[in-house]
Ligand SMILES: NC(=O)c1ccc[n+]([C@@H]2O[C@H](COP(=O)([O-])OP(=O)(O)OC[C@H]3O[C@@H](n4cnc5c(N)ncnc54)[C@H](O)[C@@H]3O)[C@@H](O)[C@H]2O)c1
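Given as structure tokens, the chain that follows is alone and in the form predicted on its own.
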């Protein structure tokens, strides 16, 4: 397997590319202490949460010669970085070592936040069991920051959340629990915040796309919304030092809504194509052929593709943050709720398709030996978050199937937020022993022609077997 992480490194950019900041140039900040530190690469950056968002961000800052300290409560991550290793497949150990040579380090000691000039929060925002926003990671982190907050510091939240979280949840905690009675800067003045006992707050949504090697990280425009204009300008300067373009919006809430719109757009369009897939199956049409044909239109159409369900931390979760918030305004987000219902039902469609395919072979799901190919939520990444494969495994087990799985990125599946499987990866051997092989995640490593040749029955949820004409294959 090839590590493509280098494609996301800033060193791949043409040297004559100049970062673009959509904010109007403001000379009022030319003597600002924090802005000067940022421009001179002397600002100390603290990043809280060293996962799929925080660690790549830390590396971008390190590549631009900033001193970066990562904070995480997971000691395993801290220790791995200390040893010069990586725990994310697409990030090579050589990138960690290069960052460490620039001063990058990791710690679980939040007292060291007093040393930072800017603090960026990149923690998870899941849903609870009632499909409501779980802000505990944000609030716990904010409580941890508050005692160490310093005048003049910039605090930026990147975690996807509902509009209003930054100003209604985070800022009050920081102000109430700061040791020196600090206040978030809210006026239009550009005076030195340290002299006024103020700190700055902004929201800038993460736009990570795991597995995307076509677009370099620093080429993804960075949206920024501050509590006041100076906070926006400082956050814009900070991100403008590592991203090619920054895009200011009027407030943190506007920036929060921007990220939700991006994800809801994808959620709704994926739900549409999933529903059309179900209709095409009944009509005897190939939805993939239809999408390919529609994609030839040079305007007014963007292709989305069906699948076994939604995965990842964004699309299955984030739209429900807005649905929950909308109730505060006596508003029902019917499109979002319907899209969520369609997408959430796709694993059940896969289960029914498996049952129907086995039935054609005069077998039942109960007692069948089933091999799941791919458990990551999308191809060629090591990310299990909200993966539909986990739901499909559980559904098959409840129906009495004997389930095994293979995924090149996961030797073991343990316990997560919504699952407790405790399964070891099986090897791709003696495929004929399985009554059914189900392609859930279409990793590039798989030789699908060989798999179809050896299998008794293949249920393909991703069109991975396109071009393979075999009665063994059932596409669903």
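Here the structure is a predicted model, which is why all the values come from computation and not from measurement. Residue numbers count along the first chain shown, from 1.
Just so you know, the form predicted in complex with the named molecule exists too; it's not on screen, but the next bit is about it.
Student: Mind telling me which stretch in 406 to 414, 37 to 45, 436 to 444, 50 to 58 gets its heavy atoms within 4.5 Å of the named molecule in the predicted bound form?
Tutor: Heavy-atom contact with the partner occurs in 50 to 58.
Student: Is residue 218 one of the residues lying within 4.5 Å of the named molecule in the predicted bound form, judged by heavy atom distances?
Tutor: Residue 218: no, not in contact with the named molecule in the predicted bound form.
Student: Can you tell me whether residue 230 touches the named molecule? I mean in the predicted bound form, with a 4.5 angstroms heavy atom cut-off.
Tutor: Residue 230: no, not in contact with the named molecule in the predicted bound form.
Student: Is there any non-hydrogen atom of residue 77 lying within 4.5 Å of the named molecule in the predicted bound form?
Tutor: Residue 77: contacts the named molecule in the predicted bound form.
Student: Residue-level question: is residue 73 within 4.5 Å of the named molecule in the predicted bound form, judged on heavy atoms?
Tutor: Yes, residue 73 is a contact residue.
Student: 273, 343 and 462 - do all three of these have some heavy atom no more than 4.5 Å from the named molecule in the predicted bound form?
Tutor: No, none of 273, 343 and 462 comes within 4.5 Å of the named molecule in the predicted bound form.
Student: Go through 240, 124, 248, 152 and name the one with a heavy atom inside 4.5 Å of the named molecule in the predicted bound form.
Tutor: Here the answer is residue option 124.
Student: Just to confirm, with a 4.5 Å cut-off on non-hydrogen atoms, which of 206, 394, 380, 117 contacts the named molecule in the predicted bound form?
Tutor: Contact residue from the list: 206.
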